[in-house]
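Here you'll find one protein chain in two forms, each presented separately as structure tokens under the names structure 1 and structure 2.
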Structure 1
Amino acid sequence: MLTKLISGDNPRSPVLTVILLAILIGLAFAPFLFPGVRSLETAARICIFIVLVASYDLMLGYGGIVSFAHTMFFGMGAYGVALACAHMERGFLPLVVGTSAGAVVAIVVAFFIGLFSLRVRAIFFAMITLAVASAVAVLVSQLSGLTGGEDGLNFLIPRELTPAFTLADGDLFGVRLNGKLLNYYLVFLGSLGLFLLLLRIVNSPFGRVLQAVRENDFRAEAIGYRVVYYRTAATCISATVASLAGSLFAIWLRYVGPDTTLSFEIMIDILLMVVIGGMGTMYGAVVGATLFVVAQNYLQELMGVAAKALSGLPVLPLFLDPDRWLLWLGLLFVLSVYFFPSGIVGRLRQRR
């Protein structure tokens, strides 16, 4: 049953199994294990980014396609929900309408980008997606009448998902049973479902063909697989899942803006998470996203402490400044591309 649920894709390493179980349990019981607003924010972020990174990994790790437009699809889902909530009556209907509208737009755009440019080599595709994504980001911030521009949109979600709503009187293990808790579990279960779906896809015959295309597209074509179709399909699936993750993110934050959904920084973050976690392994997304978001939220404090401790020395504190944490992750990124291209998960699996 359990093996079926994860599509037969066992972690294949005791250490990895322990890590994954720890992350799963930690996220499943986050509101009870780590009480506090900030840690709940972190947990929800991890859930959403796992899905986003896993969907990117479907393209990069399994398909060998480098795209820089992934945040664009993420933003489509998020803005779909935001716009629907802003223009429709408060309730669950706008969430459904916005989510599906975002997903439809994402799939159509991905289809056209795919057909238009996947025939050419990886480098071309990477450059074109970079240009398209930046154009969309500019367009979103320019059309301030519709999208709120740089300020983004604040919107109302159903009362049942906000802290104002009380689920039951009293608390459970010291946690108040309110709408926020409900919202978290919506995010958690949604993410879990999407992740299992992606796991199913990569372990299906379709996923195998995709890997064959990645390894040698010429041979794959020669056996009779239409490479462009498979790549386009991978792009479309990946874009759809990314937009669904974006919708979850919007529902959780109750705010959508260019900086939180569309910016190039997030694209770089996704890239770092995929590569550090491990390309071509869905579990890499879990490990990478968790590591990254935790580092983003807590490594900075640690570095601040270290910088203070070394404040007597000449240059070192500058490098340990909390704002420079990305420098270290960038170094880790480059090193991992060179020395362990299969990332943390690939490394753990080797050492069975």
Structure 2
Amino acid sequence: MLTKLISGDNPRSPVLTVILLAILIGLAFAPFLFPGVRSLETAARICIFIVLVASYDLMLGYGGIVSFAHTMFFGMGAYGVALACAHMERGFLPLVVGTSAGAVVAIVVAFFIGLFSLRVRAIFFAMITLAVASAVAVLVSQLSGLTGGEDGLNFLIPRELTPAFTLADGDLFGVRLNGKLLNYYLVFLGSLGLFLLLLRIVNSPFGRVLQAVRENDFRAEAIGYRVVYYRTAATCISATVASLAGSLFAIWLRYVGPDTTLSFEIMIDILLMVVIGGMGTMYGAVVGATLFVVAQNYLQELMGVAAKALSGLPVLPLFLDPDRWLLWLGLLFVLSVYFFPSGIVGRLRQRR
């Protein structure tokens, strides 16, 4: 049953199996294992970024397509929900309408970008996607009357998904049963469903052809596969899943803005997560996103504790100053690339 659920794509490493199970259990029971607003925020962000990174890896790791427009599709889903909630009566209908509209727009844009750009060389396609994504980000910032501009949009989601809504009286293991908990499990189950869908796609005949195109597109074309069609389909699927991840992100935050959904910094983060976890494997997205988001949220605090503990020593506390956390994050990334050139998941699978 479990093998069928993961489409026969077993971790193929005992250590990786333990890591993936630990992440799954940690996310599934995060509200009870790690009570607190910040830890719940981190867990929800991990869920969403796992899907976002996995959808990007479908293009980069499986299709060999380098794109810098992934945050654009992420933003389309987020702004779809935000605009629908801002202009429609409060309830679940705006969430459905906004999510669907964002996904449709993402498919259409991805289709035209793919159809007209994937015939060119990879570097030119990357430049085209970068230009389109930059144009959309500027457009969103300038249309302040509709999108809120640089300030973004705050909007109302159904009351059943907010902390003001009470599911039941009393607590469960010390956790209040309110709408925030319901919202978290909407994000968790939505992300889990999308991830399993991606896992099914990459292990289907379509996914195999995509890998063949990545390895040698000329040979794939020679044996009868229309390479452009497969790459365009991969781009559309990837964009749709990224858009749905953006919708979940907007529902969770109840806010969208250019910095939270469309910025190039998020695109760099996605690339780092893919490289750290390992390209060409969906499980790399799980490991990479989890490590990166946890480091982003807690590395600064850990450095503060370490600097305080070593305050009696010379020089060392200066290097562990919490303000230098980005330096250490960059160093961790360099070390991970050096010791795990095929990503953490790739290295673990090689050692089985």
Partner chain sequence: MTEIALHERLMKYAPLLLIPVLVLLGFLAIQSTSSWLTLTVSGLAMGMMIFIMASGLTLVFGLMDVINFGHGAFVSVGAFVGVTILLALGGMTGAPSLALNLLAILVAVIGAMAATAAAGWAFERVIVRPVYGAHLKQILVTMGGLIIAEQLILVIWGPDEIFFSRPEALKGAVTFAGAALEKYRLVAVGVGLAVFLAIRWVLRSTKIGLIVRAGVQNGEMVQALGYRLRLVFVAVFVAGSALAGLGGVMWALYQEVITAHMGQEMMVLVFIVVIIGGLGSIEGCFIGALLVGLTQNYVAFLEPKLALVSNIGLLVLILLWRPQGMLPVVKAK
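Structure 1 provides the reference sequence; residues are numbered from 1 along it. Predicted model, so just to flag it, every value in this text is computed and none were measured. Basically, rigid core = biggest C-alpha set you can superpose within 1.5 Å across the two forms.
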- Item | Pair member that is the form predicted alone | 2
- Message: So that I can tell if Leu27 moves, could you say whether its C-alpha shifts by at least 2 Å between structures 1 and 2 after the core superposition?
- Response: no
- Core-superposed C-alpha of Ser13 shifting 2 Å or more between structures 1 and 2: no
- Rigid core fit then Arg38 CA moved by 2 Å or more between structures 1 and 2: no
- Query: Once the two forms are fitted on their rigid core, how many angstrom does the CA of Gly304 move between structures 1 and 2?
  - Reply: 4.0
